[in-house]
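Just the one chain here, the form predicted alone, laid out as structure tokens.
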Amino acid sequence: MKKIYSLITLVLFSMAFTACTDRDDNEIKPINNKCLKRTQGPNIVGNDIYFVYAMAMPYGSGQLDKCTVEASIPGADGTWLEHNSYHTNSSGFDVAVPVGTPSVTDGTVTTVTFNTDTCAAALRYYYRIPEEARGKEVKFHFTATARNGRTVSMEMGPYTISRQYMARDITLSKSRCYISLQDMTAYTLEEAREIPERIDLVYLWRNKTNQGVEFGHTFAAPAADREWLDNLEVPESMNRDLHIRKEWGIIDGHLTDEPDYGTYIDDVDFETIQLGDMPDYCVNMKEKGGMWIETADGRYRAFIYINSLRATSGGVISIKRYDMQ
């Protein structure tokens, strides 16, 4: 992050220096601008697409007046343009410097008005992806305006918005162990009895072995053989089936706060994976492992990441789901 902002600062100074030393006063470009997209991986509804927009005028040629960003699809609540610029101090830390009034969003346009005398700034823009954009493309038009009325603009995108759904940090316990891919959450038995047709997966922990296989933290379809459900109560009305493949080594950057390894599950992964010959249970799961899942009716494919597991029953999972129908 510090290297990125140092680069932005260098770009700003180089733009201003070039304009001051090599300019033709009759044909000077009044403002220069650069933009950098900071977020990686698929663009998921509810997450942000994050940019840094740098703009600079030749020193002594005027001051910046406002910065606007127009999105082709209105952003959700949480879309904003930061009114701070940043520099890196002698200790290597980014320091925020207020340069304008807090941003205002009107429909597709977000604006910061400068209230300090500055000819250079680098502002951060966060676009909160709305449900309306799912499966579509979105692009952005960045504009810097000087107090003398001159402007410069650039376009970023288009960027495809993923079709997948995501839910993080779902708590599992001995009682909250009935999982719905449709609802992206876990229920108690009492809650699950009301919606048996939406329960795709059950979780249990057993300190035992079966046919030489350690149970431990186990996930199974409600329709799985009872030997894999042990003594967990699964009503007859709860009878959905699925295919599960255990996975190790995929640490999706969206599903965890661990260091970003640059690995993300994208739409194409869901579209191409083959799970039809997999069993409907998965035993002895470990932290930081995962499971690929496909419902037997072909409606959903999902990836479940195991964020954490307790020594006995319970843990935390996160889910990405892709609707196949």
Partner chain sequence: MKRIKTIFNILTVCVAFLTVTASCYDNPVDDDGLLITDRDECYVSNFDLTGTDHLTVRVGDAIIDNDACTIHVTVAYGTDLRHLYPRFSLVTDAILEPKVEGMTDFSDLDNPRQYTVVSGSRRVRKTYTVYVTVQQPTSQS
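Please read these numbers as outputs of a predicted model, since none were measured by experiment. Positions refer to the first chain, counted from 1.
The same protein has a further form, the form predicted together with its partner chain, not shown here; the description that follows concerns it.
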Partner-proximal stretch of 251 to 259, 135 to 143, 168 to 176, 211 to 219 relative to its partner chain in the model of the complex, 4.5 angstroms, heavy atom: 211 to 219
4.5 Å heavy atom contact, K246 and its partner chain in the model of the complex: yes
Distance check, Y281 to its partner chain in the model of the complex, heavy atom within 4.5 Å: yes
Contact label in the model of the complex: D277 to its partner chain, heavy atom within 4.5 Å: yes
4.5 Å heavy atom contact, W228 and its partner chain in the model of the complex: yes
In the model of the complex, whether the C-alpha atoms of V213 and K246 sit closer or farther than here (change of 3 Å or more): farther
